[in-house]
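The chain that follows stands alone, in the form predicted alone, written as structure tokens.
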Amino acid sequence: MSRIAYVNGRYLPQRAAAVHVEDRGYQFSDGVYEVCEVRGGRIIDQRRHLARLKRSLQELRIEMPMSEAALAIVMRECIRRNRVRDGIIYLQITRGVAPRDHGFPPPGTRPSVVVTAHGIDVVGNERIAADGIAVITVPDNRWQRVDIKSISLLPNVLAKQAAREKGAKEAWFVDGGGHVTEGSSSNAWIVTRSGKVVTRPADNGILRGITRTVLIDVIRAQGLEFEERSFTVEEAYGAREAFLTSASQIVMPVVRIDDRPVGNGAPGSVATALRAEFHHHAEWT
């Protein structure tokens, strides 16, 4: 079955789907995106994702192209047409099509909207989580507003590729003070030797991950000690556990950082328990 994409009001086979050559997303990366997990045919944390989408659009002064209710209908229709039971739905909104000029296009220029959906291998992901993954660290060379979920992702692309070339699954960005900010497509966490769960505060230096937000509720519900603060690479090397969070990976144990084992080099009990409990606290739509 051909995959179906929604592009500016039309559902099209992906091979026929296209955006204009002067779309500002293509020309300037002038747009934002969201990625939501689909589980059992239902969207996980749709409300939170759409709230973050609206914030990102407001920060870039892009108009919301349709109501949240209408966008939710499009998302569910993409899931239905692509017959996705467990997977990912991706939506992207740009400032629209206009002659190439760095300044904003004329008022009334309609934002462009693209929505796609595809399945994921849930069983395969569980096998990966059972083994844990490796990450590398790279200098954080991104702009200062990564709290906006912008489609300008070139540093993230290069970081992810660097990880793959070293046999790792993810790269963690490190700021000038030696502190981990976040991953190329995830938030970063550690569990200290004393059992405290630590992640960086959601300031302008990281994206406020939706999975991150829900997981904080899980951590508190389980009575674990939690602290929002920055942590150094050296502290991560010596941590009892490490893990990352994202919509596509949920809670993924990290067992090696820069080719050094974390803890005993196997997924830890805290990360494993948090992964198992996550969907009991998420919102299903």
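All residue numbers refer to positions in the sequence shown, first residue = 1. Predicted, not measured: the structure shown is a model, and the values here were computed from it.
A second form of this protein, the form predicted together with N-(5'-phosphopyridoxyl)-D-alanine, is not displayed here; the remarks below concern that form.
For the candidate set 163, 191, 78, 210, a heavy atom within 4.5 Å of N-(5'-phosphopyridoxyl)-D-alanine in the predicted complex is found for exactly one residue, namely 210. Proximity to N-(5'-phosphopyridoxyl)-D-alanine in the predicted complex, defined as a heavy atom within 4.5 Å, singles out one entry of 116, 185, 152, 92, which is 185. Contact between residue 112 and N-(5'-phosphopyridoxyl)-D-alanine in the predicted complex is not found at the 4.5 Å heavy atom cutoff. Using a 4.5 Å cutoff between non-hydrogen atoms, residue 29 does not count as a contact of N-(5'-phosphopyridoxyl)-D-alanine in the predicted complex. Contact annotation for residue 245: at least one heavy atom lies within 4.5 Å of N-(5'-phosphopyridoxyl)-D-alanine in the predicted complex. Residue contact check for residue 82: none of its heavy atoms lie within 4.5 Å of N-(5'-phosphopyridoxyl)-D-alanine in the predicted complex. Every member of the trio 35, 49 and 52 reaches N-(5'-phosphopyridoxyl)-D-alanine in the predicted complex with some non-hydrogen atom inside 4.5 Å. Between 95-103, 116-124, 130-138, 202-210, the stretch whose residues reach within 4.5 angstroms of N-(5'-phosphopyridoxyl)-D-alanine in the predicted complex through a non-hydrogen atom is 202-210. Using a 4.5 Å cut-off on any heavy atom, the one residue of 112-148 that reaches N-(5'-phosphopyridoxyl)-D-alanine in the predicted complex is 142.
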